[in-house]
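One chain comes next, on its own, written as structure tokens: the form predicted alone.
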């Protein structure tokens, strides 16, 4: 896929992995629209990158539908959808006060999983109605954000790991479903990256995890995640799988 002049929608685009992805796609010549919560954050990020921005809570399916439709009408069919919106939501499922607060648990699932599905399906449906971009019949690509917690979640990550595990599990069946219409589906499972989510984890826990990272022995940079996004967009053989991007780190129980 040649990224230049294609329309891309990036969620979580005001910071972290989403911001880096939106910036990289813009630099590669795409017409980028970033979505995030907080109008001021969105406006600042979009202005800095030089792209469009919409304030949007991904849990609001009607708002998502309106934005995707508007983007398609004004910028052309969405061809690239990168979903980075997410929350950490650390919590024990049973603590000294009893069972987990189910509303807190539900919030993590709704943002990380349901919000991703909302964007993915809205964007993919639009892609499927468009002309093919090349001789392969490719019409677009969806890139979702999983996590290494999907595979070895730590204590206290019962909500987060479930949401990110679902993103990884979705990848192959959705790629199989969308294949006949020329839409690829991938997921990236980042390890320890310099993002706002990491600010919610105690420093000693982060230091312990970094000590077990093989190479490079540091946190990943959002720009390195964005490099993976560009590679997936450009290489049509990336389809139906979750790629770990983690410096070979493996999480332990705590």
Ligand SMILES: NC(=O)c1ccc[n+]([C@@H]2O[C@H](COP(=O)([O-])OP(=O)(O)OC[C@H]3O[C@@H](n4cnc5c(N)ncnc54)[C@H](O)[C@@H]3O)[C@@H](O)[C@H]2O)c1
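Numbering follows the first chain given and starts at 1. These numbers were taken from a predicted model, which means no experiment stands behind them.
Below, we refer to the form predicted in complex with the named molecule, which is not included among the displayed structures.
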Practice task
Let me know the one among 51, 228, 197, 65 whose heavy atoms come within 4.5 Å of the named molecule in the predicted complex, would you?
Solution key: 197
Problem - Partner-contacting position among 33, 56, 30, 186 - heavy atom within 4.5 Å of the named molecule in the predicted complex - result: 56
Handout entry: Answer range among 127 to 135, 68 to 76, 95 to 103, 143 to 151 for contact with the named molecule, defined in the predicted complex as heavy atoms within 4.5 Å
Key = 143 to 151
Practice task
Would you please decide whether residue 120 lies within 4.5 angstroms of the named molecule in the predicted complex, comparing each non-hydrogen atom pair?
Solution key: no
Practice task
Look up in the predicted complex whether residue 178 has a non-hydrogen atom within 4.5 angstroms of the named molecule, and give yes or no.
Solution key: no
Exercise for the section: Report yes if any heavy atom of residue 210 sits within 4.5 Å of a heavy atom of the named molecule in the predicted complex; otherwise report no. Expected result: no
Exercise for the section: Verify the contact flag for residue 239: yes if a non-hydrogen atom of it lies within 4.5 Å of a non-hydrogen atom of the named molecule in the predicted complex, no if not. Expected result: no
Handout entry: Heavy atom within 4.5 Å of the named molecule in the predicted complex - qualifying residues of 58 to 96
Key = 58, 59, 84, 85, 86, 87
